[in-house]
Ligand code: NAP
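Before any questions on how it binds or moves, here is one chain, the form predicted on its own, in structure tokens.
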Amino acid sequence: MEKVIIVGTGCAGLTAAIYTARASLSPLVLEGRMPGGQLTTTTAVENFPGFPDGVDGPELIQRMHQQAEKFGARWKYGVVEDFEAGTPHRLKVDGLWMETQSIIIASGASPRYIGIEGEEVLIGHGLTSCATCDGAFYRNVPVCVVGGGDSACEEATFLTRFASEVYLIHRRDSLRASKIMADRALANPKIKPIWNSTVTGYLTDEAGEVSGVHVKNLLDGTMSELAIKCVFVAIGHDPNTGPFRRSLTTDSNGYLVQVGGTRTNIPGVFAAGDVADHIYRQAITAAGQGCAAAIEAERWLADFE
């Protein structure tokens, strides 16, 4: 019987591990298919407090891991396959059931990419899903955003602060975004829409960084090359909530619904970070929610006992 199991090892999960370990709860942290989460695909992080010169994403995750381990957190590699709420709660991990009094779900969300073969090796090398995270690295150079919804328009507008030009590539002839977001993006002289088109491939330089994209016009099938320094993909995220959806309340997109603080609809089960947050999706906000979930779990366990 565990007191607390933490699902996920991104900023939310590791911060929760630090706090619950310092509270002498000896948390068991489950590492899934992508230990460290999305931050491990980021080469440089410049907006996390305490690092004025920036820090590599994997290094930041490793430091958090060491800090949690120092205070007594324990680790197990395993993929959660099923969940049963009860007293105790049960998690099925790699075919085996585990019991715990409380759970902090910090399994994050996976950004959707275009699906081009070999795409994964370019993530962090001119291919990203976060303008807020990486936009400042591309000052005075052309970039492109793929997508046509509110997120794509918001990312494109944000990138105009840095990039010389922002090409907005969308497979239709009008944006799906809300009128106010679409009008704002299209009115910006730095944003140049490329309609009825899709990215079919990437061009790279000698260092393996993105230097351009192959663009296909979906109306006439013509191909062209577009010279840019970074591709920002804004076609959505998929929260990693599959095993929990049968028991926990989610919104229409599958994100866990927090019922005051980080609590879910099941007592003793808490959600932190991108698994519940589809608005900010930042390392520091995920860490803050991990802290909150740990404190709430600690207090819930005190009442439980």
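If you're wondering where the values come from, they're calculated on a predicted model, not measured in any experiment. Numbers follow the displayed sequence, beginning with 1.
We do not show the form predicted together with this ligand, though everything after this point is about it.
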Inset, instruction - Tell me, please, which stretch of 89 to 97, 133 to 141, 169 to 177, 208 to 216 lies within 4.5 angstroms of this ligand in the predicted complex when heavy atoms are compared? - result: 169 to 177
Inset, instruction - State yes or no: in the predicted complex, is some non-hydrogen atom of His278 no more than 4.5 angstroms from a non-hydrogen atom of this ligand? - result: yes
Legend entry - this ligand contact in the predicted complex: Leu226, any heavy atom under 4.5 Å: no
Inset, instruction - Answer for Leu159 alone: is it within 4.5 Å of this ligand in the predicted complex, judged on heavy atom distances? - result: no
Legend entry - Contact of Glu119 with this ligand in the predicted complex (heavy atom, 4.5 Å): no
Inset, instruction - Find the only residue in Thr249, Asn47, Ser26, Asn253 having a heavy atom within 4.5 Å of this ligand in the predicted complex. - result: Asn253
Inset, instruction - Could you work out which of Ile235, Ile123, Ile191, Ala85 is the residue within 4.5 angstroms of this ligand in the predicted complex, going by heavy atoms? - result: Ile235
